[in-house]
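Have a look below at one chain only, the form predicted on its own, in structure tokens format.
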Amino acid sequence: MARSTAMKAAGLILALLIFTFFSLAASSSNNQIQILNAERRIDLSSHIVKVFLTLKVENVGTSPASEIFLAFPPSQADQLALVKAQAAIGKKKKKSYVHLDVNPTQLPDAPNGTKYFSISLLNPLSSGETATLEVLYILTHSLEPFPTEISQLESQLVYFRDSALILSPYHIKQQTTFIKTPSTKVESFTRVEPTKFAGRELKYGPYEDRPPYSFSPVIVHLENNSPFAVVEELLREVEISHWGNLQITEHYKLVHAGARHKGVFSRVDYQSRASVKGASSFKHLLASLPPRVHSVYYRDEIGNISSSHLRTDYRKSELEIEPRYPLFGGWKATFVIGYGLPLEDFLFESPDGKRYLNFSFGCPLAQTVVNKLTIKVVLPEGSKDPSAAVPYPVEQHLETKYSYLDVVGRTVLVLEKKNVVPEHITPFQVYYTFKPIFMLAEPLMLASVYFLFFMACVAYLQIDISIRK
């Protein structure tokens, strides 16, 4: 009993020592870095908020620093869709940029649920050295409609909440925040002097010598009539046929996520002056498709929708679609887009003998947020050992699908991700092994069926089933 108590006490002391070590390490890492200048530009021109952050950091400590931490308040943690970073190398005309790895991390001294991301530097920053980092992070569902309901004749007003000061675990010597508005109509904004509003830009700062974790909340009430197009759920099915075709089927559940429409809808007023009598609505969507697309269709529950236009060239294809009715706040639409592609443009063979599909990840519709994206890659029957290389964290699992003339079924690799924005559109790969002998399965099955049918017919004609001799 005494020995067990002693072991528990020793384990508790060891855990406290480890916690203290990491706390001191994080604290010392924060103390050895300071931000000489920080410039933040927030773009509110659409319902997808883009923030461009430029940081000039300096190592004021004695030991090299290999990473820089970004801090986000809890109110923005769930709205973060993407965080990217790059380092500027060289000066002016000879300046180039190098991509840096960004990963979510945790610090033991995080105040009030602050969320952190770690930027890994290419080379450790020695004492006295400086570096310039450029960060892009994207926020979704961060514009709050107010009033929450508007009529057809009213413009849409939204709230945007943030801080005039940049939340950071480091001391910032000088910082400035610029907010770009969609129009010159701004109802109100919080003043944190010095504050200046001119044209379509709201400026906070410059602010000097702010300690770590400084925060000054601001609210901007402004007009934003951009299409609040949100895909609640998107299912993309990519079916591979080794006979030379790639078939894509996309199922959309679309909603206008802006201020809800109240009152009656007048199509006469809308057709006369849609830009005024329906400014917050939208009736067109643009889908960017790969080149050499063919067999394109667009339909909903009722049937085929003819109000679409396809433009193709050797570089890309664009499909402009128009739902059966314009979408106002709270209105929804469900539809399907399908098309075929030549397999040779997307299926390749790796050096180790595996075949792999190289296709685009994300949603082809421009300026849309996808709450839940599911991509199903249907492999040919007989495929084995599927694996995916996706540049973003995704959930994945395997399913089995049965189609015409299938015997054992087709392996389906399912990829799922939430909170997807247009910047997520990048290539991803699906690797698998396949023996060409399996391509003969369906022809042999058809030949066997026809042969057996022919033999049955011959046997039927040769057999005498009459009762007379």
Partner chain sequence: MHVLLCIVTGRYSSRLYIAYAPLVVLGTLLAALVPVVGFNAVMTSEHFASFLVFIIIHVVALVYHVKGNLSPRMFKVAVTLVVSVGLVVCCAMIAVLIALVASSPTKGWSGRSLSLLDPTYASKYIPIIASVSEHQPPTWPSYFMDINVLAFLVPAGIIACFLPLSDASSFVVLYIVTAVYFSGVMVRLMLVFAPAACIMSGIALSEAFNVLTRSIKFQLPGSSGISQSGDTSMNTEGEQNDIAKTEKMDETAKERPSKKNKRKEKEPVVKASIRSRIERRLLVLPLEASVIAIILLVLLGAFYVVHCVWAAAEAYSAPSIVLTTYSREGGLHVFDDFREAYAWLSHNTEVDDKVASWWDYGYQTTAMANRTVIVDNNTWNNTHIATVGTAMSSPEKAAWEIFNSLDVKYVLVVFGGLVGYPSDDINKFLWMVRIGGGVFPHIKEPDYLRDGQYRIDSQATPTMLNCLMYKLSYYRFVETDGKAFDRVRQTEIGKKYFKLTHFEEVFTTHHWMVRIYKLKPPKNRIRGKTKKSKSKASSTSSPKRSGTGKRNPWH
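Everything numeric in this text was worked out from a predicted model, so none of it was measured. Residue numbers count along the first chain shown, from 1.
Not on display, but discussed next: the form predicted in complex with the partner chain.
In the predicted complex, residue 303 approaches the partner chain with a heavy atom inside 4.5 Å. Remark: residue 269 counts among the residues lining the partner chain in the predicted complex, judged by a heavy atom distance of 4.5 Å or less. A residue is said to contact a partner when one of its heavy atoms sits within 4.5 Å of a partner heavy atom; residue 264 meets this definition for the partner chain in the predicted complex.
Contact annotation for residue 333: at least one heavy atom lies within 4.5 Å of the partner chain in the predicted complex. With the partner omitted from this view, the residue of 325, 159, 348, 297 that lies near the partner chain in the predicted complex is 325 [heavy atom within 4.5 Å]. Partner proximity in the predicted complex, defined as non-hydrogen atoms within 4.5 angstroms of the partner chain, places exactly one of 123 to 131, 162 to 170, 325 to 333, 70 to 78 at the interface: 325 to 333.
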